[in-house]
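We begin with a single chain expressed as structure tokens, specifically the form predicted alone.
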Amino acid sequence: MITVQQAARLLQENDRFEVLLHAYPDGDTIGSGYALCRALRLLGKQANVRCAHPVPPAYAYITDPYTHQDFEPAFFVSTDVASLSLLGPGGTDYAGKIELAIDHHGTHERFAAHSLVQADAASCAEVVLAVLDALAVPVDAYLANCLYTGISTDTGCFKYTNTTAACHLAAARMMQAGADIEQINQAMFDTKSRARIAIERAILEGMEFFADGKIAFITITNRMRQETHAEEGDLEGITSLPRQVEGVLIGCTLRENEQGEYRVSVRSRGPISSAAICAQFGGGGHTGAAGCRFTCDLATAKQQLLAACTAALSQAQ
């Protein structure tokens, strides 16, 4: 592991950057990655952002001002990527090529030559902010929008258990720097498309409860997405639904991908560790939020996941 100052030195000494986001991008990887790209350009360097999947339209206030530069990348840096597999299709092509990984996941796998990981940070955006400070890059309104997005979305608008005094202070600083929090909060937390409403209804109708209502599962299949015309951006924040139900301590979202596999997001309360549950299936994340993947059929995935959740619940009681 390296320090913020060492990471800043690496960025200062190199050029022609490609900033890598994780697949199915969320607000933190988007905000962190685009902020880092903008900062590098402000330093007179060439930099682009790459993601295996399109950035949802809700983040247009971040992506619209961005323009792609034409150059051959020489330095690869990832933001909010806990493992190489999370880069998505083509991610393995970067094995041995990534020079710097900036992250905040305690389960981070060391796939880069240098890793800057602050597991106590609520968001990767906070780690990127520390790097920008070390680079002496002033935070303008665009950077403030990016970083506030990362902080606010990864804390569920400051409601999740990972919320800290430090992230509140960082968010306040972004507000002072010109972040348009009204636009961001409306886009991230107060607006739902009709497709989102339709798929949310289907998801809620199929919600399953176990362990006297302490465990809840929701499933999102490709057929459900097709029938409701839900796009990737329509599923933002959907993983919080199971845990919003009264009495639920562990909420799991099983989501089918294009290959017929199931990506799982686990959200938990109290001493129950989502990361420990997901680690049993090769995944990881934070205590209150983590993820993993199943390549088996849905019934088997549910059976194995429920067994792990039940064991975690029993140990916590």
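It should be emphasised that the depicted structure is a prediction, and the values quoted were computed from it without experimental measurement. Position 1 is the first residue in the sequence shown; the rest follow in order.
One more form of this protein should be noted, the form predicted together with another copy of the chain, which is absent from this view; the next part is about it.
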Checking R50, R263, R269, K45 against another copy of the chain in the predicted complex, the residue with a non-hydrogen atom inside 4.5 angstroms turns out to be R269
Only hit among T228, Q118, T163, T239 for heavy atom within 4.5 Å of another copy of the chain in the predicted complex is T163
Since the chain is shown here on its own, which stretch among 180 to 188, 92 to 100, 124 to 132, 138 to 146 would lie within 4.5 Å of another copy of the chain in the predicted complex, judged by heavy atoms?
-> 180 to 188
Does E205 reach another copy of the chain in the predicted complex if we count a contact as any heavy atom within 4.5 Å?
-> yes
Can you check whether A82 is within 4.5 Å of another copy of the chain in the predicted complex, heavy atom basis?
-> no
Does the 4.5 Å heavy atom contact test between A172 and another copy of the chain in the predicted complex come out positive?
-> yes
Indicate whether F158 is a 4.5 Å heavy atom neighbour of another copy of the chain in the predicted complex.
-> yes
Residues N222, H286 and Q303 all lining another copy of the chain in the predicted complex, heavy atom within 4.5 Å | no
Mind listing which residues of 190 to 215 have a heavy atom within 4.5 Å of another copy of the chain in the predicted complex?
-> D190, T191, K192, S193, R194, I197, E200, R201, L204, E205, M207, F209, G213
